[in-house]
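Just the one chain here, the form predicted on its own, laid out as structure tokens.
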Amino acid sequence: MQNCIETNGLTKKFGKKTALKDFDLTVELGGIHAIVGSNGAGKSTLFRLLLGVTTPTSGSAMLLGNDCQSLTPDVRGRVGYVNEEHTLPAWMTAGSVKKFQQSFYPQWNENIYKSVVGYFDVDPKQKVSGLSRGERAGLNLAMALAQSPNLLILDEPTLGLDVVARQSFLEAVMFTETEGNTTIIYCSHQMEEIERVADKLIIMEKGVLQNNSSPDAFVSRISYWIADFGGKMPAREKIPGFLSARDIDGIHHVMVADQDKSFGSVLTQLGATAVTPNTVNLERAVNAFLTKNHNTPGSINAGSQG
């Protein structure tokens, strides 16, 4: 089956800085694929390379079965994009903006447009300047989806939205994923959103792919332990798979990667007098993982799964 995105050894350097390094990523057609990473992880560089805006230093990238360095207008027209700014012509009405956008896309799906824009109660006679940020976000999403794209990139789309608007946006995204054949790339720092909508979790840090699996599979690799060392915790280098640790009232809360249930005995051997396993959610797991990879030059590499 053809993949939506496929990169092989993709590398991009800006002078002495390496923004993307030997990046091998496969995104299958369909589903919602969330991309997370700290600022400077390389997400923007990856998008520019995928859309053919910039040239790789080495390696290759394919988008919808086409070489990213020779994308035709037809292929570009099959890609939708919504960013955090939701910029639209302020002097036009919502209906006029929609009609103008529609004129460029022969495959425009009016039913999808109406279904999605309905989540946001956008008045077509209202000028864009009078729309709330949530209404602009909804209008942008509805137009992007009505284009019937094969790939939709959502780059921090809910940033700055209130709770109600964010809820509407997520519901619209999930409706689209179940009703259409669009592959969605969802970039966000909001883990509760990703936990709710994502089929796959892609983690990148310092230009390196660190994980490509389901969110549940990733969380299953991270464990959280509460240990009483009677004072000072052992050197982090002695703790296998160490990600992060916090000292709360003299008790250490330790998070590690790729350790099984016997890890408690490892902590005991290192001097812990009491060890208790604890549950971990996606937000804790990702934050601990990114903290380790962001601060450590020789970071652990979780590899690619699934």
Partner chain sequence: MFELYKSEFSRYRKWSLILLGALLGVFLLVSKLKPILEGDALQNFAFTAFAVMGGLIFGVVQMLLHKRTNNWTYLVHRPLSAHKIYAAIAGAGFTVVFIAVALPWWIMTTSLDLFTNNVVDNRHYVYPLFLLLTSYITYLIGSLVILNPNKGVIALLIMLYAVLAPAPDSTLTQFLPSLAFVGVFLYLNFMSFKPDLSTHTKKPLAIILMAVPMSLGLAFLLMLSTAVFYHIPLFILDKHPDNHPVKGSYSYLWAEVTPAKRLAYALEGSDHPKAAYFIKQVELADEGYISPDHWTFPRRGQMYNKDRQFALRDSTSNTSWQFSHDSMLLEGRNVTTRQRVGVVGMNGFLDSADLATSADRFDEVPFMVGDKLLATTKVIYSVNFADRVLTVKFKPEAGEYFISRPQPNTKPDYASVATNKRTLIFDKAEFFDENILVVPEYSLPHPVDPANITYCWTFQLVDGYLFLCHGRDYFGFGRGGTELIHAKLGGTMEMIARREYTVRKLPSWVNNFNDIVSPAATYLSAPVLRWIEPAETGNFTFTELRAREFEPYIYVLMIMFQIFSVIAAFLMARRHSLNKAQTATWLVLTAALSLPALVAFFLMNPWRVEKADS
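Whichever C-alpha set is largest while still superposing within 1.5 Å between the two forms counts as the rigid core. Positions refer to the first chain, counted from 1. As the structure is a prediction and not an experimental result, all values here were calculated from the model.
Quick note: we don't show the form predicted together with its partner chain, though the next part is all about it.
- Heavy atoms within 4.5 Å of its partner chain in the predicted complex are found in exactly one of 163-171, 222-230, 101-109, 189-197, that being 101-109.
- Residue contact with its partner chain in the predicted complex: Phe175 places no heavy atom within 4.5 Å of it.
- Mapping the unseen interface onto this chain, Val280 falls outside it, with no heavy atom inside 4.5 Å of its partner chain in the predicted complex.
- Using a 4.5 angstroms threshold between heavy atoms, Gly52 counts as touching its partner chain in the predicted complex.
- Taking the partner from the other structure, its partner chain in the predicted complex has no heavy atom within 4.5 Å of any heavy atom of Arg236.
- Site annotation in the predicted complex: the residue of Thr57, Ser244, Ser60, Thr276 reaching within 4.5 Å of its partner chain with a heavy atom is Thr57.
- Contact annotation for the candidate site: His253, Gly264 and Thr291 all lie away from its partner chain in the predicted complex (no heavy atom within 4.5 Å).
- Once you line up the core between the shown form and the other one, the Cα of Asn109 stays within less than 2 Å of where it was.
- Leu145: CA moves less than 2 Å between the shown form and the other one after rigid-core fitting.
- The Cα position of Val208 differs by less than 2 Å between the shown form and the other one after fitting on the rigid core.
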